[in-house]
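As structure tokens, one chain now follows by itself in the form predicted alone.
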Amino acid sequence: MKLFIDDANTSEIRRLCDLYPVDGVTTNPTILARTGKDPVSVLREIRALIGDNGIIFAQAVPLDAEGMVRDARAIVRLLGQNTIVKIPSVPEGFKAIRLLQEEGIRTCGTVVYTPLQAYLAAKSGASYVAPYVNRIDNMGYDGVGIVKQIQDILVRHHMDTEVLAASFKNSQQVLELCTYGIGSVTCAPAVIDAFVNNLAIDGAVMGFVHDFAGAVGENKSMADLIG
């Protein structure tokens, strides 16, 4: 399962990339706006942070297919070939996805709330579909369950499209989808940190440190002893 950072805060991206085996970064217009900076500059900085091999997602803003295609071309020119353009999963978006597939530009059908939206985006040629787990929950439905339905549809119909599950409120939701075999998830920094934010883990680590210090003295490591 690929793991993406769902954020445009470059300080957080730098920290998480240093610590965790992340595959790239996902953004959208809202996330970029939260930085208070020029979106183009932020996207350039993110690309520099994750390198050419990292995958970056950026969203087309217009509401019409022709405008979406124009945005997509510009985004790929800016960020390079290892870029996925997010296209809303609406009728004009399905048209744009088909046109972009013909040009070899990879897309992600985003703003997915229903399995049939995902199906149409995948059938149009999207490389990814991005269902919003927590937002679906907030509408009174089962977000994790709907993502599983989408996964089943894509697998059963042999569609060359990967689920990119998004909008998580906790690590348990991620765990359920990881266990189910979802292709990708994108999480806010706090959710990624929560994968290992556990007092039992911290206690065990500090116990080893304390016991070793009791045996050989404070502030010594194996490298100090071996020389």
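Here the structure is a predicted model, which means the values were calculated and not measured. A residue's number is simply how far along the shown sequence it sits, counting from 1.
Another form, the form predicted in complex with SN-glycerol-3-phosphate, is not on view; read the next lines as being about it.
**Q** Here the chain is shown alone; which of V69, L49, I31, V42 has a heavy atom within 4.5 Å of SN-glycerol-3-phosphate in the predicted complex?
**A** Looking at V69, L49, I31, V42 one by one, just I31 meets the 4.5 Å heavy-atom criterion.
**Q** Please pick, from A60, A166, V174, V163, the one residue with any non-hydrogen atom lying within 4.5 angstroms of SN-glycerol-3-phosphate in the predicted complex.
**A** Residue within 4.5 Å of the partner: A166.
**Q** At 4.5 Å between heavy atoms, is K95 in contact with SN-glycerol-3-phosphate in the predicted complex?
**A** Judged by the heavy-atom cut-off of 4.5 Å, K95 is well away from SN-glycerol-3-phosphate in the predicted complex.
**Q** Can you check whether R135 is within 4.5 Å of SN-glycerol-3-phosphate in the predicted complex, heavy atom basis?
**A** The answer is yes: R135 has a heavy atom within 4.5 Å of SN-glycerol-3-phosphate.
**Q** With the partner removed from view, which of 147 to 155, 127 to 135, 72 to 80, 87 to 95 is the stretch that lies within 4.5 Å of SN-glycerol-3-phosphate in the predicted complex, judged by heavy atom distances?
**A** It is 127 to 135 that comes within 4.5 Å of the partner.
**Q** At 4.5 Å, heavy atom to heavy atom, what parts of 1 to 20 sit next to SN-glycerol-3-phosphate in the predicted complex? List them in sequence order, or say none.
**A** Only a single residue, D6, comes within 4.5 Å of the partner.
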